[in-house]
Structures are given as structure tokens and as C-alpha cells.
Ligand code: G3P
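Below you'll find only one chain, the form predicted alone, shown as C-alpha cells.
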Amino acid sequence: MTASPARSVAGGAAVAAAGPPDLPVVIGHRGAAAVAPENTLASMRRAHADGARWVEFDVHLSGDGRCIVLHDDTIDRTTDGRGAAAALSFEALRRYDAGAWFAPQFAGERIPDLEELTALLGALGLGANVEIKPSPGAEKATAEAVMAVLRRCWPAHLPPPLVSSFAPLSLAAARDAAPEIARGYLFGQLPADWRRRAEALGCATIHCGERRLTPAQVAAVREAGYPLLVYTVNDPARARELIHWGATGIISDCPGAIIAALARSVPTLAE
């Protein structure tokens, strides 16, 4: 696949129309989720401190339509509050602690919104894979809101962002709202018709869970011209194996450990 001519994102960087961005070998999953509370500013800072050049994080909508950085439909697992994120205003969500559940030193962390997190990425110089993670029924609205924020707020000095999703409706809405921002199709397990699905939505990258991935599947994706990002890989030996098979990049909860392991085995891969 070849990238289309560049188009500009209003208020942000110029990005290639639906073309794959220049991806690093290691991307921090939800920041550095093994060592800091996932999807918080602290987790992004830790990923940066550990040497990551990019991070991945999830975006939902609050009840009042704010883009919030959160993985689950509810706040029960990652805050001291309870309830569906889509039923709570952003002001209400910010009352809850999103760090103490992980470790006492992270007490006081809050659920960030996408604007706040984007500003931090700009300050740290971090690229990002933004996963559109809609609550049921909010696939289109979530994607449209995410793309509007990225167009308005993405720092011009950062590499172009990549958005990804498991939800075809979200990918279609992202394409329609901001066709110049690259999209990645997320799969838990690579289906036989993965290429048809990716082409139908104009996706530039393929993202796949690592557990059932095979060398033949990696080869097929790469031979078709798609970068392949594999998640969530926390074992250094498995990361080395996947890179040896031809995977483009590894998404990991412990980016520092994976970067170090790849640097020891194949120094050029961790640059």
C-alpha cells in the first residue's frame, strides 16, 4: 500500500491520507500499565521515562459527551467509584480517584480527558495509538468526538496519530470524519477475511492479539503491505519471537522491559 498525498489536520499536524504512520517497534499499552495505573497521566509519564516513543490508550464518551481516557464501560475496576461512564458527567467522573487502586503513590490520579492527555503527549514528545473504545450504541458518536479532538488539538510537532478500534461502525465514522488520519483494525484473533474488512474501511494497519497469532498470518499481513501491531506482549522472549516472524511492532504493558530485551538481542530493532 502507498500513502496518499498529505492533508492537514486543523489545529494540528499534517498527516498522510489514511496511510500508515512511522511506527516504533514498542508501544506502551495504556501507558505503562504493568507499573502505573492504566490510562492515567502517570502511566503515560512512566512509559516515556521507560523509553517508549509511543503509547496506546482507550477513549470512551462521558455522559455529557466528553472524550475520556478509560478502557472499560464502567469505572468500577480502575477508580474508587462505581457506575457506567456513559451515565456520568465529566465533572462527576473527575471526583473519583483513578490511581490509588493500583498503588498508594498514585493516589489522586484522575480520569483524564483526551485534550488533557494530548497536551501531555505534546509536552513529552510521545506519539499515540488512540483506541476508540465505545460503549454499546455509541460507536459513531465516540469516533466523531475523538476525531474532532484530534483535528483540533493534536500537537503539530508530534508524529501523526493512529486511531484504531474493534468496532467497524467506529472505524467508518472515523474515516468519514477525518479521512486523513490513519486507522487500524483491531482483532482479537485474525479472521480469514481480515484483508477484506480492512480494505472496506480504508484501514492502514492491522492490530492483533498475540495468543493465537501464527508465523503464516504475520507473513500474510506483511506481504499484503500492512504494518502489524501485536498486543499485549509482556514476555521478552515472545516479543523477540514476534519480531523475528516479521511483526512491525509490539504493544506492551511493560514497554521498558521489552525495549531493553529487544535492544540486547537485536539493537537496531529498539532504536
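Start at 1 with the first residue shown and count on from there. For clarity, every value in this text was computed on a predicted model and none was experimentally measured.
Below, we refer to the form predicted in complex with the ligand, which is not included among the displayed structures.
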So, a 4.5 angstroms cut-off on heavy atom distances: do all three of H29, H71 and L186 pass it with respect to the ligand in the predicted bound form?
yes
Residue stretch of 219-227, 241-249, 198-206, 56-64 approaching the ligand in the predicted bound form, non-hydrogen atom distance within 4.5 Å
56-64
Would you please decide whether E131 lies within 4.5 angstroms of the ligand in the predicted bound form, comparing each non-hydrogen atom pair?
yes
Looking in the predicted bound form, any heavy atom of F166 within 4.5 Å of the ligand?
yes
Residues within 4.5 Å of the ligand in the predicted bound form, restricted to 203-230 and counted by heavy atom
none
